[in-house]
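Only one chain is given next, in structure tokens, and it is the form predicted alone.
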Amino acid sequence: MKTSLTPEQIIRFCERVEGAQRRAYDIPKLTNEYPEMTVEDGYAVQNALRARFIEQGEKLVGWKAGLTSKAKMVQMGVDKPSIGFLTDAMSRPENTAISTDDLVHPRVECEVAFITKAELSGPACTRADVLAATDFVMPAVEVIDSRYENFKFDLPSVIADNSSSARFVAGGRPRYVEDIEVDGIGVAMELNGEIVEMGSSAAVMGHPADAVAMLVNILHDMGEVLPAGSFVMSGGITAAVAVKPGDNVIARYQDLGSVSLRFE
């Protein structure tokens, strides 16, 4: 990927985003300062952020596809999907209490996660490739957190902010892909005992494996592959739901069980 940013600009934007993530404050979207910022520029900042997190001792455990459903694109005001990296520091156990003190605009969404058993590479990765390389799928709840002021953003800024990655919780009942219809999984999200969102995994680009293939092909553009043993979240099935301290969330999945978490 070619970037129009200088190395100094990449470092400056990376430090700005990292500060907002680490210390939980919001910032103006990066394109306010640099209106010419492209998607490629956004990934250059994200890659610098990933290198910095790994340098600080975090381990890369996988990736996420973002903005993969029409509901999410409308909610976020963008027209293309994106990807972001996941580290061990973002993972939380099931039934855990997640602090909102270190989050800015926390929201939750239901996703289908893929765990791979073989390496995947682009530039022409397909749904069939993804399914053949998948060990199993499982339900996951992602806690996303945009660090931008007034919840206003654009695609390059979102990508630079690691596609709003913050926390994730996986659990439920893992299943082999040949045993279920991955594009026909019904989900319901309960917030404090009330259903607030419902949907089907088909909302994720028609088939969640297509979102993973897109992710692999974007990685190829960055000169990278998806290693075996990766944990990949395929994108929100419904619009994300805002949460606050005291909230309890249960995501229920057809054939995959449920995932629960609470906020404090």
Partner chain sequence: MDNAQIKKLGDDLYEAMLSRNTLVPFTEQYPDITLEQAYEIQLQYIKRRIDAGEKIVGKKIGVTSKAVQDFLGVFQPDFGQLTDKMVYQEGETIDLNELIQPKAEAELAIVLKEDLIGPGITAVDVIRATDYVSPCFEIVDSRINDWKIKIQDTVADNASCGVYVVSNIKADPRKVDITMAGMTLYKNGELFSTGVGAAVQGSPFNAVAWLANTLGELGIPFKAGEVILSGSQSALVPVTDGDELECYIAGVGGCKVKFAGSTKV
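Numbering follows the first chain given and starts at 1. Quick caveat, the model's predicted, so the values are computed rather than measured.
There is another form of this protein, the form predicted in complex with its partner chain, and it is not shown here; the text below is about that form.
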Exercise: Arg107 in contact with its partner chain in the predicted bound form, heavy atom 4.5 Å: no
Can you check whether Gly229 is within 4.5 Å of its partner chain in the predicted bound form, heavy atom basis? yes
Though only this chain appears here, would Lys59 touch its partner chain in the predicted bound form if you measure heavy atom gaps against 4.5 Å? yes
Contact flag, Asn95 vs its partner chain in the predicted bound form, heavy atom cut 4.5 Å: yes
Where, among 120-128, 133-141, 76-84, 155-163, do residues come within 4.5 Å of its partner chain in the predicted bound form by heavy atom distance? 133-141
Contact check, 160-186 vs its partner chain in the predicted bound form, heavy atom within 4.5 Å, ordered by sequence, gives Ala170, Gly172, Arg173, Pro174, Arg175, Tyr176, Asp179
